[in-house]
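Here's a solo chain for you in C-alpha cells, the form predicted alone.
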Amino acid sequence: MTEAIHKRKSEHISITLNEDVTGTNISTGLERVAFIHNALPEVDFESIQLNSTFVDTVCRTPFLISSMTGGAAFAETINRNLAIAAEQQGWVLALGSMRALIESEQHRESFQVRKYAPNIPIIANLGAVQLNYGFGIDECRRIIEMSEADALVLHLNSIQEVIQPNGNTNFKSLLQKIEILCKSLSIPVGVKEVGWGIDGETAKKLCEVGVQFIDVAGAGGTSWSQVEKFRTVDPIKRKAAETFSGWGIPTADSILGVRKHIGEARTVIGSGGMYTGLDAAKAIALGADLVGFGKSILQEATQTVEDVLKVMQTIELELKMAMFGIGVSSVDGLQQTDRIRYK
C-alpha cells in the first residue's frame, strides 16, 4: 500500500508537469471580470501594501501556495524550494495530501519544511474522505504535530476518487465527522476542493459545523479527473474522465457564491486556474481574502528557489499594478472596490 502511495504521488507530479490536464470547455470565469481603469488614482505606487491575515497571523501578502505534493522523492525538492521562497516573500504554504505521512516513514521529510519556513503559516492537508477510511482525531493530530502546521485543510475530491485506481468513494456522513474534528483540534480547520469548486450552500453548512476557512479551488484550472485519466488503464474510466473534463463551478462563480453565503466572518481562499497577479486582483475584488497558486508555480519549484521567487515577485508586482490602476492602496480597499464590471 505504501509503495503504491509513493508511486501515485510521483505520477501525479509527472503528469501535471507533462500532460494537458486543464479542464476543457470550462473556464475560471475571471475572463468575464474587468476593472474600470482610474486614470487619476491619487495613490503613491510605493505606498501600496499587500498585507493580509490568515489564522490570526499577519502575512506580507494575500497569497498562498496551494496544496500540491508530498510523499515522493522529487516532492522533497519541490516543497523545500516552495517553503524557502514562501518564507522570503511572506506567502502562506499549503502542503500536499498527507495520508502518506502516517502510512509510511518514507519521504516524510517532503512534508517537514518548517525548518525552511519558520515564520509563515503552514497548512497540513488530508483528504476528507479518509475520515471514513480509518483516519480520525489522533491521526490528524499526528499530521499536525509532524508538520508543525498552523492549520489543517480537508480536501474534497469526489470526482477524482471515482477515476483514481482504488479510489475511496464513501463520502457518506462526512459533515458530522468534520464537525467533530473541528471541535477536537486546537488549530483552525478548513475545507478545500481540488478543482471543481464549492457552492455557497455547501460552504455555509461547513462553516456552521466549525470550519474556519474555505478554499474554493474552482474549475478552469487543473482537472484531477484528467490527471487520473493518464494513470488508469481502465478504458471505461478513461472515457468517463473525458466526459467530465468540463465539470465544475468556475472559480469566479464559486468565490461569489461562497462569500454571499458565509458572510465576512470566515476566510475565503480563491484558487483554481490562477496564473497572474491580475487574476488574483479579480478574485479578491469578488470576495476572496487570499489567492492560491498551484500548477502555475510547479515547474519553477522543480528547478530552483530563484525561479520560484521570480514567479512570486511577478505576481506581486501585477497585483500592485492592478491596485494602482483602480486607485486603491490596500487589500481591504481592493475587496471593497466598485471599479469592477462584468463583460
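In this text, all values refer to a predicted model and were calculated from it rather than measured experimentally. Residue indices: 1-based, along the sequence shown.
From this point on, the text means the form predicted in complex with a small molecule, which you will not see here.
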Review point. Heavy atoms within 4.5 Å of the small molecule in the model of the complex: which stretch among 307 to 315, 46 to 54, 66 to 74, 282 to 290?
Key: 66 to 74
Exercise for review: May I ask whether Ile13, Asn125 and Thr222 all come within 4.5 angstroms of the small molecule in the model of the complex, judged by heavy atoms?
Suggested key: yes
Check your understanding: Ala217: heavy atom within 4.5 Å of the small molecule in the model of the complex?
Key -> yes
Exercise for review: Mark Asn79 yes when one of its heavy atoms lies within 4.5 Å of a heavy atom of the small molecule in the model of the complex, and no otherwise.
Suggested key: no
Review point. Is the gap between Lys177 and the small molecule in the model of the complex 4.5 Å or less for some heavy atom pair?
Key: no
Review point. Hey, in the model of the complex, is His261 touching the small molecule, heavy atoms inside 4.5 Å?
Key: no
Exercise for review: Identify, from the list Lys204, His155, Lys237, His107, the residue with a heavy atom within 4.5 Å of the small molecule in the model of the complex.
Suggested key: His155
